[in-house]
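Have a look below at one chain only, the form predicted alone, in structure tokens format.
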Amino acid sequence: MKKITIGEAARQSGVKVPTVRYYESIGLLAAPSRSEGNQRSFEPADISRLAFIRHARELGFEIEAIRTLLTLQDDPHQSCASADAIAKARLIEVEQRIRSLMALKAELETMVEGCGHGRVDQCRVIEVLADHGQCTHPHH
């Protein structure tokens, strides 16, 4: 079986080369075998693991959650309750973020709608940004 270089592994998995090295350094990816020239030689399973990590990161999972999910993936005969719990927790985070973004959107809409398109000394956008107390929605 032909070994896969780090550049090819990065290309096939959609993960940048420095990120592949990082995942290896933190233990998400096992250290691959090395060629006689000391170059990393990846297997197809490594590419699948990298793609799994990339997809999980795209979905916003934190590194430790991904570590747990990978451990679960490595033992497919166990219950998926832990994986479900991790995904549910991420969903709650996303829902909270959406609520926060919707409040932010409403605040920006109010700010923009209040703009009379006159001079800066009468600009509602500048007024609201200068005085947080004028915001209609609490946010941090």
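From 1 onward, residues are counted along the sequence shown. From a predicted model like this one, the values you see are computed outputs, not experimental measurements.
Keep in mind that the form predicted together with the DNA is not shown, yet the notes after this line are about it.
*Asks:* Tell me the stretch among 43 to 51, 75 to 83, 62 to 70, 99 to 107 that has any heavy atom within 4.5 angstroms of the DNA in the model of the complex.
*Replies:* Every other range fails; the passing one is 62 to 70.
*Asks:* Do H55 and the DNA share at least one heavy atom pair within 4.5 Å in the model of the complex?
*Replies:* Although the DNA is absent here, H55 would stay clear of it in the model of the complex, with no heavy atoms inside 4.5 Å.
*Asks:* Contact between Q12 and the DNA in the model of the complex at 4.5 Å, heavy atoms?
*Replies:* No, Q12 stays farther than 4.5 Å from the DNA in the model of the complex.
*Asks:* Please check if K88 has a heavy atom lying within 4.5 Å of any heavy atom of the DNA in the model of the complex.
*Replies:* The answer is no: K88 has no heavy atom within 4.5 Å of the DNA.
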